Every structure is written in structure tokens, then in C-alpha cells.
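Heads up, the chain below is alone and in the form predicted alone; it's given as C-alpha cells.
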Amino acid sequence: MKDVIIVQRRIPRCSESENQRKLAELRELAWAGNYNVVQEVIQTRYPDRQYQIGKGKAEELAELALSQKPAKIICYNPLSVTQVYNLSEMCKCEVIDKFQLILEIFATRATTRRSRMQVELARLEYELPRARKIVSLLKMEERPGFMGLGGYEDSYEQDIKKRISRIKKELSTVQRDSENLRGYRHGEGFSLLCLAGYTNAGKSTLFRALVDENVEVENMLFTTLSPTTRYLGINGRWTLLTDTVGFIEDLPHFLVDAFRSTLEDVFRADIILLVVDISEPVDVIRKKLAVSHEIFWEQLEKATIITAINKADRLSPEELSSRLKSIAYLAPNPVVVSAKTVEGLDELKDVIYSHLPEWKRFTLELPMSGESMSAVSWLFEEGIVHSVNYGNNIVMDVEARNEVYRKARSLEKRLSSGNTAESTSKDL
């Protein structure tokens, strides 16, 4: 791991707990980026146009950089191109802000073609408004052979715009493929479940516990970048459970937009399992829940939200009860679980089952024939067969989605009338 110094300019009107939480998030991000934090520099003041922090604090930072020799300096606050340039010149060290760090992490974790394109798009959209200033500052250094063309600023900016346009076009194709896949899954009778929530709430651990499968689970942010989908059987119903990238506080619009197709796995689900870390301070939980609902409110159609109150094993029963009362109005359909100890998972599955899209339960009576036996096999594959009685006729108690119900009734009517001209395979 490479050494870094992290810097936070605290806003005077923010509470101490909020400032502490943001600094802790930056530490976790640095850890996720494979960096070792060797020093923290904090200052409370309004932003300085030249350095973000005050000039005196910037000089103090430069002395620390000289003694510690870090690979990078990472600032929590967003930096302008001028601020990056000035701090880099003063500290003789690479300087980045939190959003550049997030892009770095995404770039190293992106494994699919779609996620790699999303990362590249986010990077270009981050760079676009800075393109002219970057070229201007580089020219000030009079680098030998640096293009030497007066119109290079325009050329550089136009090149970025063309690359953004090309990636968006390619992403729309990939997105259509994903929508076709989701439509196919619905058509095959699968209900779609999605895990959502903030990073490090325990989504991946809960995913592993529910599907009883090992997926990458580490105690760091952004463990899951590409969505992972697995089968999950609940009381005879088959669903598809997807683990998605987590939300992060103050995520800029260019990152949210770039990862839209990843978030759409959440928006198109039948049921969203909103995972909450109940061991965090109550004000933090409230804020994260409020932001999550704000995101869902704009995008969701008819999905049901179930709140998985995770990490309950870290609290005493009294603390847990108190916190549940405090967040009750923000936590629809709450279920207390511990993904780590698997307590509460059976209750969670029962609540999920009670909110799955409704299936019709019906009795079907078919004459005894070879074609009817084929129909019995088909119904075992497509629905839940509660009972089958073989007598003069075959009487079945079946539960299935509406499409299967309609086909089964049509088949029952035709076979009962003695019409066997059509093949079973054609009807089914």
C-alpha cells in the first residue's frame, strides 16, 4: 500500500459528528483505494480560491509532504484545477480530491465491459469542464514540444466530447441488452429482488447469507461494483436476487449518471431490500434513509421496499429497540437481521414472500391421457403443485403466475371437450 496524507476542510456550520463521519468515510475510501493514511490535516474555515484550505495550512501541508514523502495527497473537498495545480506545485506531490479517488477505485474494480465504459464516461465527464484550464496551466509551464498549437484547447475539448458521445452510444446498446434480459426473466416467472443501500451497510454479506454462496465480501467501500445476480428460492417461488453498487454520501451527478444502468437494476426490481447499518448513529441512519427514499421516489414504479435492519448483533436489545423507534417513519416493512450471524433471515424471507407478485391458486381437472400427463409435468416446472390426485381424472391444486393460469385453463377446456387435434407442445 502506498502512503497518503488526507486533508479535510471542515465547514464552520457543520456539526462535529458530521465532520468526523466525512473524515472516516475518506479514510475508508483511501483504504479501498489501497492507500495507507500516514497523516491527517484538518482545518475549519470557508474555502480559499487558491488552495481550498488556507495558505498557511497549505504551507504546513507542504512541510508534512516533504518529511513524510507520501505518494499522494487526498482532499475530501472538491478541488478546482487551479487548486490542484497550486497545491501540487507547493507540496511537490500529486494531489487529488475525493471524487478522483472514487474514479480510481472504480477503474481498478470494473470487470465487465459495461462497468469499464461507465468508469471511462465518468472520468471524461469529470474532466470536460476542466479541459481548457488544464491545457492553459500546462502551457504556463512551457513544456517542450507541448503541441504548440493555439487551438489545442478546442481540439482537446472536442476530443473529450466525441469520446463521451461514442461511449454513451455504446452504453445505450448494452443497456437495451440488459432490459431485454430483465424482460426475459420476468417472462419466465422470476420475481426480481435487489439489495440497495449505502456502502458498507452489509449488502454483500447479506447477499451471501441469503443465497448461501461466497461472493467477494470485504470490510471496505465499493466491494461490489458490477451487479451480481443469483437464484433465490423462497417457499417454492424462484426469484433472482441482485447485489448492486452502494450509494455514497454527496456522490456527484456525473458519477450517478454514469452508473445509471447499474442503478436501474434497483429501479426495475419487484422488491427492494434496503439494507441499513443499525449500529451507526441515529442521525446518520436517518440521513441515509432519507436520501435513499429520495432516489427511489424519483425512479421507482411499483416496487415494494423492505428495510433490512442489519448488524443488529452489535447492539443491546434496549439500544436496538430505541433506534428502531427513532427511524420507524423512514423504514417501511422493517425486518431485524444480522447477516453475520444469519439471525432473522427466515423472517426476512417470509416478509419477501408475502410481497412477491401475486400468483393465482386454482384447481385443474384433466382427463386421463398422455397429453394430460405432459401438462402435469409442465405445471410442475412452471408453478407450485400443492397436490395431484390420479383417479378417473387428474385433479391438481396448482399455484402459478397469470400467464400459466390462462394456458392451463385453455388446455383444460380443450382436453375436456375431447379435442386433441392440437399438440400439447403447441398449446404450452
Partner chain sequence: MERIIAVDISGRHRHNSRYLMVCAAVSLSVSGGHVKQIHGVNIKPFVSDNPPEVVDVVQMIERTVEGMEGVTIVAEEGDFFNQPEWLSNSMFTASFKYPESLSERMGIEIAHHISLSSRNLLLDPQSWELIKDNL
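Numbering follows the first chain given and starts at 1. As the structure is a computational prediction, the values presented were derived from the model and not from experiment.
Keep in mind that the form predicted together with the partner chain is not shown, yet the notes after this line are about it.
- Think of it this way: in the predicted bound form, the partner chain has a heavy atom of just one of R130, H293, R230, R163 within 4.5 Å, and the residue is H293.
- Screening L330, M90, L320, V174 for any heavy atom within 4.5 Å of the partner chain in the predicted bound form leaves a single hit, L330.
- Between 330-338, 98-106, 81-89, 166-174, the stretch whose residues reach within 4.5 angstroms of the partner chain in the predicted bound form through a non-hydrogen atom is 330-338.
- Taking the partner from the other structure, the partner chain in the predicted bound form has a heavy atom within 4.5 Å of a heavy atom of W297.
- Using a 4.5 Å cutoff between non-hydrogen atoms, I305 counts as a contact of the partner chain in the predicted bound form.
- Looking at 12-28, the one residue that comes within 4.5 Å of the partner chain in the predicted bound form, counting any heavy atom, is R13.
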